[in-house]
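We begin with a single chain expressed as structure tokens, specifically the form predicted on its own.
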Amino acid sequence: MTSARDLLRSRPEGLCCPEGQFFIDPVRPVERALITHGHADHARAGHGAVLATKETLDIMRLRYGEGFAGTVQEARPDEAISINGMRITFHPAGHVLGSAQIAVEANGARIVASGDYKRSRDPTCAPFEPIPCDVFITEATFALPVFTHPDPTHEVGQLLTSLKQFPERTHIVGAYTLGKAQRVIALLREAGYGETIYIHGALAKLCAYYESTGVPLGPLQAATVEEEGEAPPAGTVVVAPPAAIDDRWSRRFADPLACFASGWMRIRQRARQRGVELPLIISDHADWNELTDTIRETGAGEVWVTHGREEALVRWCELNGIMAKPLHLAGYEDEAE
């Protein structure tokens, strides 16, 4: 009889289901890939066949073009799909638009691969749903007790306060292109900020796509300044990829004030190293308490830990009577969260 731990195995390409003949978030091209979400370290082009949510497939098309895979198939939330005798279901992960956990079942055994996930509220994507399982494969980006993320509305409040205190300065918010940027904009709107938000050109297509799915982002305008054009007025908000706040692009704005929206801003030294004046602790990954609470909620008797602070979470599991092991999967990033 198949046990849950036999359903998936770690290989150089990524998590592999030998019986199902597929991989989950492989880091190199494979014949069949199941993709949890659209971030580039999980969703790569060149696979023979891709199964993912509609939103993830759309995001991959935006990023890689129509021919990003040989064939594609849409996975609807909670709808069972059979692949070579394996029962596959996708469940919301709360990470970014379209993100999903992937459950693999056979002969009554279930293993769930979380992909990246968070538990805090996000107006731009469906919330995480704990899925009961025998084995839970969890990310561990912020798997240290020091990481406890504040309420994101508090962090947005800090940004709005700074705008009032320094109306002569342009607040440039570094935020990852997919997910974080749209979340920051949506949170600003919920907080009552109705002014035009200026966005870096790298965000335009994804912001337009989010709006096409029903996520309201309010008035947006390109922040790119042409040779004969004018920069956005002082006192406005500009949202850009994190790298943009470090380079010459940001110097065209009126007295720029560097902000950075990331869970890593909990570490003040990181903020100082990047020249960030206003750190915003807004994360799209679960913090330590959310990770441990989620493990308990799944009821899993065994936990596999991947891409992040693996050893600390493995040790916590062992101290709480849960079998655990690190997967040491290579090729996944946690710096640009």
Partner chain sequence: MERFAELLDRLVLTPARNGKLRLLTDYFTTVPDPDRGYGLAALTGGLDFPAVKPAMLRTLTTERVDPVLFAYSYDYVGDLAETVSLIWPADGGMEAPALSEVVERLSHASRSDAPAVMARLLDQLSPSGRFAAIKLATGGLRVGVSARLTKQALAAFGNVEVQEIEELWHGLAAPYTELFAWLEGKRPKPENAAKAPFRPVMLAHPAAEADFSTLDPEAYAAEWKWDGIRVQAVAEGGVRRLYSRTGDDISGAFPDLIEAMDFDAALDGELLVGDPREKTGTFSDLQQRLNRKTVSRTMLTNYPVFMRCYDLLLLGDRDARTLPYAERRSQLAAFVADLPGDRFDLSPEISFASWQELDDKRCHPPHPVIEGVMLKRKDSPYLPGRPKGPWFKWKRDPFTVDAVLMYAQRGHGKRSSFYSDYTFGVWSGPTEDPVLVPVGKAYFGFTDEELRQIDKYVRDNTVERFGPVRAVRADKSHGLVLEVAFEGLNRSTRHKSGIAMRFPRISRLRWDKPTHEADRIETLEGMLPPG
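Residue numbers count along the first chain shown, from 1. No experiment lies behind these values; they were computed from the predicted model shown.
Here the subject shifts to the form predicted together with the partner chain, a form of this protein not shown in this document.
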Heavy atom of each of 144, 148 and 167 within 4.5 Å of the partner chain in the model of the complex: yes
Proximity to the partner chain in the model of the complex (heavy atom, within 4.5 Å), stretch among 100-108, 167-175, 215-223, 183-191: 167-175
4.5 Å heavy atom contact, residue 49 to the partner chain in the model of the complex: no
Interface membership of residue 301, the partner chain in the model of the complex, 4.5 Å heavy atom rule: no
The partner chain contact at residue 308 in the model of the complex, heavy atom, 4.5 Å: no
Heavy atom of residue 154 within 4.5 Å of the partner chain in the model of the complex: yes
Of 130, 256, 241, 232, the one that lies within 4.5 Å of the partner chain in the model of the complex (heavy atoms): 256
The single option of 162, 120, 89, 236 touching the partner chain in the model of the complex, heavy atom within 4.5 Å: 162
Contacts with the partner chain in the model of the complex - residues in 276-315 whose heavy atoms fall within 4.5 Å: 276, 277, 278, 279, 288, 309, 311, 312, 315
